[in-house]
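Okay, so we've got a single protein chain in two different forms coming up as structure tokens, structure 1 first and structure 2 after it.
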Structure 1
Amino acid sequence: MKIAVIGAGAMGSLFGAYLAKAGEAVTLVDIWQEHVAAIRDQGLQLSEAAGDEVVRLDATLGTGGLEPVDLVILFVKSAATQAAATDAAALLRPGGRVLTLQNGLGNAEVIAEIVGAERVLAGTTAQGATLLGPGRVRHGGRGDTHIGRLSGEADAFCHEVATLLTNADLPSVVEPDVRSLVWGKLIINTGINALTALLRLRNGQLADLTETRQLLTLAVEEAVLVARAAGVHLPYENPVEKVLAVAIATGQNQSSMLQDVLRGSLTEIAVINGAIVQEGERLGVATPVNRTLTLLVQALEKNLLPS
């Protein structure tokens, strides 16, 4: 299968490197010139717990001049989803598909509007990665990837993609209910990301203080009310316990939102806590805690607070 990864930051580089190591024809596409140049010149430096290695793979600045592909894996941050999906649409061969494992609510729907819902595979991954610099990525946590079709039942293409990832040492399973997957991860991110970003805490520290446990609980309970009103079946029984368990299990991690704030980058707040607020408004569920967290992170993004 011919593959392009659009958005070759932390996660795109990780997935691209694993697919390339498994012998797949994969090209990384990004708009970050220094990063693309470093990968082309020196290969991608992949830092693993077991040691570092250099992975050789194709990288290009933008999609211009690329041959059509069977699969686009879209790994930009949510603010760039529309632009990346437009590039994906032009790059896909007829019948080709886009896979998104991005965090937050609405990415798959934005892609669907551009390429057609029947061509979208979506899901979640428990793999983690951090960019160390141009051409350098650290593989963080490992875990399963769950994928399914945004519209329609899982078909041969969907199973083929799961097998392709699994064979590349990115264990993946096909799931029937993509909404449940995406909301399940959304609620975890709702409880962890904004609080760690605002308070500059590692994930595990949220479980240590009474105050942060209480804030996490309030944000998650609100999000669960919204999920229920939306008719979503969550993939776990006790959401607050689940979010606390994930915070503890990933205790040493800096959430992606904290990393964004520390780098001075835009965060994905609008599609995480902000999405809970929006959905709450649509469904008549009050979300004062998530609204407050959203506004605080947005103020932080605008650099209104001295660091």
Structure 2
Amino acid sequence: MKIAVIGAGAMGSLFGAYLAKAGEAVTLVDIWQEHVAAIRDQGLQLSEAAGDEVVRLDATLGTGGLEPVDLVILFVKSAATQAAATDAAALLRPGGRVLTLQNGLGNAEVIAEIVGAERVLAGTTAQGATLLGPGRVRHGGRGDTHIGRLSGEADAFCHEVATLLTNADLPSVVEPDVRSLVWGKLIINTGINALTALLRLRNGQLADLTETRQLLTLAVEEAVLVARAAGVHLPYENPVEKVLAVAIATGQNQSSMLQDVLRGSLTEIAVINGAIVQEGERLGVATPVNRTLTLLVQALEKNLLPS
């Protein structure tokens, strides 16, 4: 299968590296010139607990000139989803699909408006990664990837993508309820991302302190009330235990939001904790904890970003 990964940050680079190691024809697409140049010149350095290795794969600054592909995997930040989906639409072969494994609510729907809902696969991944610098990524934690179709039941293509990822040592499962998947990952991010960004902690450190456990619990329980009001059936029984388990399993990983803060970049707080606040307002559910976390991160962004 011919694959393009649009958004070669930590997770895009990780998935691209593993797919390339498995022998798939994969190209990373990103706008960071130094990162793309480093991958082209030296390969992608993949750091694992067992040691480092260099993975050779294609990388480019844009989709112009690329041959049509069967699958586009989107890992861009939510603010770039519309532009990335437009690029993906022009890049897909007839019958090709877009798979979004992005954080937050609403990305799949934005993509569907451009490529058609029937061509969208959506899902979540518990893999963890940190971008260490141009051409360097660290694999910070392992976990399953769950995918499904945005519209209609899982078909042969959906199962083929799950098998392809699993064969690339990215264990993947096909799920029938995409909405449940997205909300399940949203609540995990709600409990981890803002706290790690504000406190400058790695994921696993959230489980070490009584105070951070309490804050995580309050944010998650509030988000669960919103999910229930929205009629969402979550893909796990005990949300707080699930979020803590993910934090521990990806213990050495820096959350994507912490990485954004450390780079002085805009975060995705608006589509994570901010999405809980917005949905809470729509459904009449109070969300003071998530509103506070959202405002704190937004204030931090304004302090860090150049004026």
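Residue numbering: structure 1 sequence, from 1. Nothing here was measured: the structure is a model prediction, and the numbers come from that model. The term rigid core refers to the most C-alpha atoms you can superpose between the two forms while keeping them within 1.5 Å.
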Checklist line | Identity of the form predicted alone, given as 1 or 2 | finding: 2
Checklist line | Rigid core superposition, Asp87 Cα moves 2 angstroms or more between structures 1 and 2 | finding: no
Notebook entry, point to check: 2 Å or more on the CA of Gln214 between structures 1 and 2, with the rigid core superposed, yes or no?
Noted result: yes
Note to self: Going by C-alpha fits of the two rigid parts, what is the rotation of the smaller one between structures 1 and 2, in degrees?
What the structure shows: 12
Checklist line | between structures 1 and 2, C-alpha offset at Gln254 (rigid core aligned, Å) | finding: 3.2
